[in-house]
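Look below for two forms of one protein chain, each set out as structure tokens: first structure 1, then structure 2.
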Structure 1
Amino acid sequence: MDRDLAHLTDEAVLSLVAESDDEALAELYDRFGGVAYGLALRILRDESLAQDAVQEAFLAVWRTADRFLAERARASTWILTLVHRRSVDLVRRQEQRRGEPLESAPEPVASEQVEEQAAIRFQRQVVQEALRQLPPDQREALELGYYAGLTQSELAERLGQPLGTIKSRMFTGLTRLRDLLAQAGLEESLR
């Protein structure tokens, strides 16, 4: 009997997967399969390999859903991290199979650049997701400070807040952001 799982949160559906619910796995795939494939394709630049990476990642979701901790990361972040890792593993496997480059052939740096670009895009997504989890006043202060390049004094003037309040918001926001990024496996991002 098919159930409608669309009303459940991603984390709730993942907990059903942990109980070996194959309809829940299908629901997660419906929700994240396209994004997962896009991420894998950007890293691998090969449709077949990207499909393999997504399949391996969702197999890992099936096998390890019971280890997912909602307090450490969102389900979407966890799933896309698995896809990213599988994709990078496939890139490395492909490079190992190719063996040593011929002396007359140029050094293969393109795959390293693709992997680096994909990693940067993935890190941006994780940082943006972490920023969305901050309280609005902390997020606003950090975004204006780092993305708009405003000083703390300029922020205080622009937002009509005391300088001490702005400093406190930024400090607290950065601390929470570091924690969120560490939970997502990107603890080096703010250093």
Structure 2
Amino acid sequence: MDRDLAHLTDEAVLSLVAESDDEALAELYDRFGGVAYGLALRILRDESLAQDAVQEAFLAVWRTADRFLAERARASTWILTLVHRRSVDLVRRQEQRRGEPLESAPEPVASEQVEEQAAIRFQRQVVQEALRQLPPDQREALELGYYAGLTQSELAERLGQPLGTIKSRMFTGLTRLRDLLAQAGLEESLR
């Protein structure tokens, strides 16, 4: 049974997943597996843990897609939210890693040519450009919060800043990022 799912939107593919269509799950994985794994690896810095995080997230998609559909949000946002969440859960269990100084965080090994949609590559450039436009302290709060899996309290402690300061950097930074991305027309290009 060979079907062409490529012309469907992410949300249409997700609605097939909600009906337990495993080819549709494969299609979603092929669309977002590279981004998902890249994110998990950046947070966990361990291939096997990153695979676990991606696996658990996609299985959560499989199990709960029918409940998500009513949300009318973007499928990619949901999937990446799940991947991030699982990765953060796992990294927070790695007690020893959490004590490491922030500077020593190694970058993940750059992978050999990852095949991905041109739209995703374009989006990455836009996001990186938008991040560069943020004031450094806001960018730092976003990056350490989101990619290092630190809680706002841990971040406050590490940076020697009051919790309220970190909270407001996260809030202002993320709100600003959202607006910058909207200006860049990212939302339209992703539809």
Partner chain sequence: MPEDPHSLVASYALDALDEREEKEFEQHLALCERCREELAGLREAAAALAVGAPPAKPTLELRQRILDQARSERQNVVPLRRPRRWTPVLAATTAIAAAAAIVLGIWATSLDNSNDPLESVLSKPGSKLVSMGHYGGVAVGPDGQAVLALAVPPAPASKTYEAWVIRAGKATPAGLFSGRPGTSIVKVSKPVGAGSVVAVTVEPSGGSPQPTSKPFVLSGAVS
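Please read these numbers as outputs of a predicted model, since none were measured by experiment. All residue numbers here refer to structure 1's sequence, counted from 1. Here, rigid core means the biggest group of C-alpha atoms that superpose within 1.5 Å across both forms.
In this comparison, the chain shown as structure 2 is the form predicted together with its partner chain. Core-superposed comparison between structures 1 and 2: the Cα of residue 15 travels less than 2 Å.
In the core-superposed comparison between structures 1 and 2, residue 121 has its Cα shifted by at least 2 Å. Once you line up the core between structures 1 and 2, the Cα of residue 166 ends up 2 Å or more from where it was.
With the core fitted, the CA of residue 153 sits 37.7 Å away from its counterpart between structures 1 and 2.
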